[in-house]
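Take a look at this one chain, the form predicted alone, written out in structure tokens.
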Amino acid sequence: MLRTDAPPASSLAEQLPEEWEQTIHEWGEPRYRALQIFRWIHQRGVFDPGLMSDLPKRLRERLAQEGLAEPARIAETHASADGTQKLLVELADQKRVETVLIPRGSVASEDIFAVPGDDDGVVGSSHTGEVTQCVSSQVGCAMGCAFCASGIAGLKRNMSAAEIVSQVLLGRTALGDSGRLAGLVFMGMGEPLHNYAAVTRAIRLLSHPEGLGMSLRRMTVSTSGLVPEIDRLARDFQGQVQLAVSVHASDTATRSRLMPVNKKYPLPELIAAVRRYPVPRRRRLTIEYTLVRDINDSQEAARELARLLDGLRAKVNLIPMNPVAGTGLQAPDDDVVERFQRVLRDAGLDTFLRKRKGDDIAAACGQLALHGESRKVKSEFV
């Protein structure tokens, strides 16, 4: 259920059924119309009132007058040789974001979100045709991480819950009969917890049993480390939503160089918040660590990371930096990556090497960018 202190919906398209009931009642319509409208949007992906054929004409006209309309459309589709699809999604104000459909592999292949031992086949599934969708939450990003293309042009605006949900519905349409959406990761453009209200409303819409009905455990929120919002997410969802935390360094000074957010929420404070996060039985947190040549890839850094994470129920995803034009940063050589991984595994940490998927269409981790925008965020590495 939506918490009573949550902000109201910003548009009709993102109302929950109980909110639709109130709206419909105020319009003098029978309450059962609320579920009809909600199902049209969230089960069928239809936002155009004119297509809602089981509604009376007067109600379809009222919905159109009140502004119910498509929040987004697919402007371009790019397909990778490995089966990854990147969708360029145009919003109603002509702003564009990217969302990625990633084929899922087996645990043995150390796939992108593999979590060995999980009990519901959410990630790391060997089922063919299953796809994880990487969803954007902002147009651009304010975090300014040195190795990520999304923040190069800075933050343009937050996305609404309806726009976030629309990406998922468009992704499902793009898949057609060729695949099944089996998991969502809020890990695309933007910092999800910087747009907390819209992201959490989107989660509730996507998980509602009268809509898409996706399990909360099939959703992962990735954050660069906004400590108050991590605690808030824990309170609001009791740990049912999976958490991925971008650490990317084992000491405060290095992390501040790579991630400006560390100056506000230093690494020790972040790790304390991660330790507070309620992790359900047979589940683990995800620690994301992007390896950058000669910055954070030494064996000593690996040993410091192992000490930092000691006793934490988590797995580590190692991500050799993907190419981002103009950063001047590079991925380490393979042997350096292997040695880093070996140190963590020898310390007892389950550590997986993130496979590069969609690299040929700039859909890999850290590569999603605002097209046609020039650099506005300064970095010491450029």
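The first residue of the shown sequence is 1; numbering continues from there. It should be emphasised that the depicted structure is a prediction, and the values quoted were computed from it without experimental measurement.
There is also a form predicted together with S-adenosyl-L-homocysteine (SAH); it is not shown, and the following applies to it.
If contact means any heavy atom within 4.5 Å, which of 220-228, 176-184, 93-101, 308-316 contacts S-adenosyl-L-homocysteine (SAH) in the predicted bound form?
So the stretch in question is 220-228.
Just one of Cys148, Ala302, Met159, Val165 has a heavy atom within 4.5 angstroms of S-adenosyl-L-homocysteine (SAH) in the predicted bound form, so which one?
When S-adenosyl-L-homocysteine (SAH) is considered in the predicted bound form, the option within 4.5 Å is Cys148.
Tell me, out of Ala34, Val343, Met321, Leu68, which residue has a non-hydrogen atom within 4.5 angstroms of S-adenosyl-L-homocysteine (SAH) in the predicted bound form.
Going through each option in turn, the one that passes is Met321.
So, Gln242 and S-adenosyl-L-homocysteine (SAH): in the predicted bound form, are they within 4.5 Å at any heavy atom pair?
Gln242: no, not in contact with S-adenosyl-L-homocysteine (SAH) in the predicted bound form.
Check Asn296 for me: does it contact S-adenosyl-L-homocysteine (SAH) in the predicted bound form (non-hydrogen atoms, 4.5 angstroms)?
Although S-adenosyl-L-homocysteine (SAH) is absent here, Asn296 would stay clear of it in the predicted bound form, with no heavy atoms inside 4.5 Å.
Can you tell me whether Glu288 touches S-adenosyl-L-homocysteine (SAH)? I mean in the predicted bound form, with a 4.5 angstroms heavy atom cut-off.
Contact with S-adenosyl-L-homocysteine (SAH), yes.
Counting only non-hydrogen atoms and a 4.5 Å cut-off, give the residues of 233-248 close to S-adenosyl-L-homocysteine (SAH) in the predicted bound form.
The stretch touches the partner through Ser246, His248.
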